[in-house]
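Shown below, as structure tokens, is a lone chain in the form predicted on its own; questions about how it binds or moves come after it.
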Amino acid sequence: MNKKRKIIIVENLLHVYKEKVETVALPGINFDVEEGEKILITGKSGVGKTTLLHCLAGILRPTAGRIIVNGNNIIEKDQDQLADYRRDTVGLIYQSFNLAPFLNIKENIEFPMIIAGKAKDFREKRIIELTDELEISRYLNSVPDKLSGGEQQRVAIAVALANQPEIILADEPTGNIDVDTSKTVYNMLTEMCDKYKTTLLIATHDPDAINYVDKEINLPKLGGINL
């Protein structure tokens, strides 16, 4: 059996928020993620779950350490390169859905593909494919606030997957929906990632999320960690 390649390698990752009181959010952590793996990131409030995802997405530059994605240290990239990285390599899912309220569902899903310069035929085919899989095709002409929380999160999954990213980073993806709907969202998210061979990292307090992943990374409050 061939060993899967490591798509993400995190080495001695440290982030310190320098305000009136310096706060260590990531105390020098080490872990790696194999291609196609589904990872759960857990830990008490304040340990840096969201900070970690923001570092992996290139939104936040950590204080020290390395983040190797596909053999490249993204911490060394400039802002234009990071924008390309976020456009092409990672898809983001937020607790707040993060959908454009003035665009309908079709336009929300299409927008990242337009930014990426995808052809119209590709965009239309991709929208049909994703909305059929996520059972939201009947909402294409609706605006987000006409949908339930669970439906909006399914749209958010489609938006995140639109450009066929290699990695999905989901920050509390079920934080604003009820328990039963959360199960539907987890099932759909993990099934879609399996279908497209997408690596998935979920940061959440939700204990039920462990049932949908391959491995758990529990972040410490203080001190270093090796996983």
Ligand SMILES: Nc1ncnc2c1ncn2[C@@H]1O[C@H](COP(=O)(O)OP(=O)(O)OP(=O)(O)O)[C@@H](O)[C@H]1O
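For every residue, the number given is its place in the sequence shown, counted from 1. The structure presented is a predicted model; accordingly, all values stated were derived computationally and were not measured.
Just so you know, the form predicted in complex with this ligand exists too; it's not on screen, but the next bit is about it.
For the three residues 104, 123 and 137, a heavy atom within 4.5 Å of this ligand turns up in the predicted bound form in no case.
Residue 184 falls outside the set of residues with a heavy atom inside 4.5 Å of this ligand in the predicted bound form.
Contact annotation: residue 44 falls within 4.5 Å of this ligand in the predicted bound form, judged by heavy atom distances. None of the heavy atoms of residue 173 is located within 4.5 Å of this ligand in the predicted bound form. When contacts are judged by a 4.5 Å heavy atom cut-off, residue 215 does not count as touching this ligand in the predicted bound form.
Per the 4.5 Å heavy atom criterion, this ligand in the predicted bound form is contacted by stretch 47-55, the sole one of 47-55, 160-168, 63-71, 190-198.
Along 192-208, a non-hydrogen atom within 4.5 Å of this ligand in the predicted bound form is carried only by 205.
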